[in-house]
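Only one chain is given next, in structure tokens, and it is the form predicted alone.
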């Protein structure tokens, strides 16, 4: 199933190196973060995974169903996990200036600098290898009280890191709700910096047994295209369909 997703995204033909992918979620959770993680793992890319709300176990369990093993990659230094849940737990016990999440306790002029430096430190050890930086649920930073301008600055720093080391890619997901203007404006600005934008929505007609939602795939670089798909989530992946195609 991962292959059909990559074909729909045109990533079977277009190299992801040096590119930024933004996943805009108008519904809870995104299967496409896991699709891109699976694609990176199968290609043998190093993975720096940053999560603000989920544990290693969550990504490992989903990855196992999709055919790859996060714990195995972590043990071989082929992946690094920067997790908010575990880090925040330690932060309450010992506040350290190098803590990637110290912005919660020590507001500064550059509150996300330590988090960026933690990501950069990982990448500097992989500069000769293809790598992917995956930041899941960036909107959590806004919910934690970080100003939009700081979140955008953080994204731009990560984007510049990918541009500097052209064998890397950046994948960022952000959850959007119509009533939250800050997050909506932030996602709009980030889309201008991204090469590929995936906009995921639930069905306007409500829940369906045959379909999970819709996906708009927009390339801001060559081939400068925009396509629309329906998708269906399964335990072991996602199936993509052209609108109007019967689901079997």
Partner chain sequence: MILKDLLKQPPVSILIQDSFSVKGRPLFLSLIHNYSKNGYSVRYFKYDSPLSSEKSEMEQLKFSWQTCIFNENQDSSRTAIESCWSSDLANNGKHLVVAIDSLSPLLLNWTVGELASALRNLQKTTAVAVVALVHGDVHDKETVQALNYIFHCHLTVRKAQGRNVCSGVLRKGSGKLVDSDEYYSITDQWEVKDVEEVVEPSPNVVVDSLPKNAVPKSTFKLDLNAKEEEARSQVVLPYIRKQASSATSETSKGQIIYEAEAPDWDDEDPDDDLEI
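As the structure is a prediction and not an experimental result, all values here were calculated from the model. Residue numbers count along the first chain shown, from 1.
Beyond what is shown, the protein has a form predicted together with the partner chain; the following relates to that form.
> Of 150-158, 130-138, 171-179, 76-84, which is the one stretch near the partner chain in the model of the complex, taking non-hydrogen atoms within 4.5 angstroms as near?
Replying inline: Among the candidates, contact is made by 150-158.
>> Please identify the residue among 143, 113, 167, 71 with any heavy atom within 4.5 Å of the partner chain in the model of the complex.
In response: That would be 113.
> Which one of 53, 61, 185, 27 is close to the partner chain in the model of the complex, taking close to mean a heavy atom within 4.5 Å?
Replying inline: Looking at the other structure, the residue within range turns out to be 185.
> Even though the partner chain is not shown here, does residue 34 get within 4.5 Å of it in the model of the complex, heavy atoms only?
Replying inline: Although the partner chain is absent here, residue 34 would stay clear of it in the model of the complex, with no heavy atoms inside 4.5 Å.
>> Given that the partner chain is not shown alongside this chain, does residue 208 nevertheless sit within 4.5 Å of it in the model of the complex, heavy atom to heavy atom?
In response: Although the partner chain is absent here, residue 208 would stay clear of it in the model of the complex, with no heavy atoms inside 4.5 Å.
>> Residue-level question: is residue 39 within 4.5 Å of the partner chain in the model of the complex, judged on heavy atoms?
In response: Contact with the partner chain, no.
>> Since only the chain is shown here, I'm wondering whether residue 163 would be in contact with the partner chain in the model of the complex (any heavy atom pair within 4.5 Å).
In response: Residue 163: yes, in contact with the partner chain in the model of the complex.
> Heavy atom within 4.5 Å of the partner chain in the model of the complex: which residues of 181-201 qualify?
Replying inline: Residues within 4.5 Å: 181, 185, 188, 189, 191, 192, 193, 197.
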